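Okay, so here's just one chain, in structure tokens, the form predicted alone.
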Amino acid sequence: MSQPRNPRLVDRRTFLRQSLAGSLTLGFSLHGSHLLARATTDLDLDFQDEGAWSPDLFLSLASDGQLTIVSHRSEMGTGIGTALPMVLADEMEADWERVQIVQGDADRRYGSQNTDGSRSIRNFYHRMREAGALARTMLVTAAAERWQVAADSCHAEKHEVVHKPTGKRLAYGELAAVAATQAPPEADSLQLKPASARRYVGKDIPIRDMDAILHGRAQFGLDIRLPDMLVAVIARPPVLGGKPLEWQESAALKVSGVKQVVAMPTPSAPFMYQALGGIAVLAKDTWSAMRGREALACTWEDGEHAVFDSEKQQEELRANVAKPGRKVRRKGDAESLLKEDGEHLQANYEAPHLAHAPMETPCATARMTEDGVEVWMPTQAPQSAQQAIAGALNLTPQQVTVHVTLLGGGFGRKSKPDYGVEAALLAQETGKPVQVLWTREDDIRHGYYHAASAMSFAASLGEDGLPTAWRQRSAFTPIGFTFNPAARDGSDGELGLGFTDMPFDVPNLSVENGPSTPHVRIGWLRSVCNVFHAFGVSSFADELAAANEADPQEYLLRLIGEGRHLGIDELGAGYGNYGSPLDQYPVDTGRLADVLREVGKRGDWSRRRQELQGSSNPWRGLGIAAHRSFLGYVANIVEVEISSSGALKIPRVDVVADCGLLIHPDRVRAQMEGAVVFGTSLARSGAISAQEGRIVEGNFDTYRIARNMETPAQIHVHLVPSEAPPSGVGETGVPPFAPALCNAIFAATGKRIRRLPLQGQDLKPA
């Protein structure tokens, strides 16, 4: 590499070249050589099972004992670049102080590198264990050969192999060359360590980039510098699918520092990961490029999506859930009972489009090479980037090298690689290295937006206060529209995110989906459809508790009923369970009830609730909610204070999370804390609106992220110890927050919140 780079971001090819001499380097297929690695699909809406995929994993043990492990998933603060190597090192009996971690480039042999959907640990935990066990087994065999003893008389112990009868020891580095000559054993013959022998799994180990991040040495996407590099900003059409009519190229070129103006190709539906078109201004630095873009004075042909008005879209969604929809789950005959019972309860809920708004805006740097193109970008999906760039430049994926930098936040936005496509197209057009930079306004006005939604609920209550019939309808702008312009309905995968898997034990149930008409690119955002589905389901449950004058926690537990596993016969054949088998990761209502009980205990629910009832000036209240998502179970208690003017404070939030086996507890706690803060922003002020096809919001003054004083003063997180298979973490903490918050507002003020965000609503007590 000709440019300075963080040594921890060595690309895979360089790593292999440097490590092959005099070392044990393993590149192996963990599930049998007859299975070939497959690249990820561009569209992974239904959380396809990665368990059948067979990635190659690489580690290198040098003769001096240095162990290098490739992290093939993207690091964005979750700690995954540390957690997966921890699993391998633990199983290998390696000394963590002698481990170096390098970031893997895009490579289909790793299996899926798509770091979203909370899948990294649950889909690669066992594979990384097998990788470590394979290396450990080969090193033990090498030592046994050296000593001419039986392999079962030897064992590995913190970077050494020990001969038990004599106490003789050989360091791993001394055995590397011998081990490198061995044929790897079959995966099914490997002996994995018992839980009692874990060294690192379950421990709080600092993430690998912490020191560099804290001291400003970490390399993010915008830190890339190449010789003769140009910086590009792009004037994109303000309406999806629009194109430029006129622009002042000569005026832009007169701006000091501007070198070139390039018209980008105009995209057409399906928009997928295409560049959005428009006019690019390339300059010697960012400021010059931005000033040149202002001088363009573009006018636009807007196209069909200029009709988009967010208020009218919400009216359409509300209308579509007011009438029968496509039935996606059915039990008994809820409709007949609801028609017979004129006293049933009804409520509607809705939520707007949302933007991802990561602190680091999209950016990418590209340069053409003799073989193709080389791209540096903060991406959650390096293989999707590789494929999209190859398609745009008429190359094969093998001709596209994608280096993954650290991500300054992602939330799902950076799994859509349109910004990498832009950089590659401009590098091809100019013949020079190009860095594309998105401003905050670019990010908010031209992103992939979280679905806008409306939901309706109706329930008929029996003498015991529990529902005898429950009907719920959901309509939302589907992610499928981004990949198929004819898509109008939610997919099975989207509906399986907190809606078809509604956990309450109701004898008569109808779950329905209505259509919508999207006008912007729709993309997955942290927790995806669980965000609004949990808001609706958990808020309506709280309304039923209030109608019965019941304790909300006790009522929720009665709704959930006895612990049971929901089977595919009940959930429907289309239920995807986040890509994992139901026998391994069942929809377990017992675990959901357990986190609900535990959060009540940890948050002192009963005592505090009694204390706060009837309090005023400020009005105070507690709300509670629990939700299963991404195979994990999380419950929240939220405390609120409402002043006489309607100002909201959140003094305390209690979180209980059951995420199965805890690999890296410190990062799990951090993710739960971050989920509360993220959820606070969405609930308080998150809203994207549009007029005449144009996004109204443009920066953090109009698309507000919660300020310090608006976030909870205290967040208490309790993690449930478990030996169950590890579940998702990064997304599981978000869904229960908004309903718990809104339920708390009702407890404090008597006002029921049925529309998000809170901003602009009168919270003064009723």
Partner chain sequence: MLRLRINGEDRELPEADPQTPLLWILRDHLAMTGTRYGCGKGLCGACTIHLDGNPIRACLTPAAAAEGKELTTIEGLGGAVASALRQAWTEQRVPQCGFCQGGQLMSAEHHLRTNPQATEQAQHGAMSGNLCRCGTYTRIDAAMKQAQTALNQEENS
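A quick note: this is a predicted structure, and the numbers were derived from the prediction, not measured. Residue numbers count along the first chain shown, from 1.
Beyond what is shown, the protein has a form predicted together with its partner chain; the following relates to that form.
- Put simply, His519 is far from its partner chain in the model of the complex: not one heavy atom of it is within 4.5 Å.
- By the criterion of a heavy atom within 4.5 Å, Thr68 is excluded from the residues contacting its partner chain in the model of the complex.
- In the model of the complex, its partner chain sits beyond 4.5 Å of every heavy atom of Pro194.
- The shortest heavy atom separation between Thr711 and its partner chain in the model of the complex is within 4.5 Å.
- Scanning Leu661, Val149, Val677, Val178 against its partner chain in the model of the complex with a 4.5 Å heavy atom cut-off leaves one residue, Val677.
- Residue Trp438 is the only one of Tyr555, Trp619, Trp605, Trp438 with a heavy atom lying within 4.5 Å of its partner chain in the model of the complex.
- Proximity of Asp333, Met502 and Arg591 to its partner chain in the model of the complex is absent: no residue of the three has a non-hydrogen atom within 4.5 angstroms.
- The stretch from 547 to 555, 391 to 399, 348 to 356, 465 to 473 that comes within 4.5 Å of its partner chain in the model of the complex, counting heavy atoms only, is 348 to 356.
- Residues are counted as partner-facing when one of their heavy atoms sits within 4.5 Å of its partner chain in the model of the complex; in 399 to 437 these are Leu407, Gly408, Gly409, Phe411, Leu437, in sequence order.
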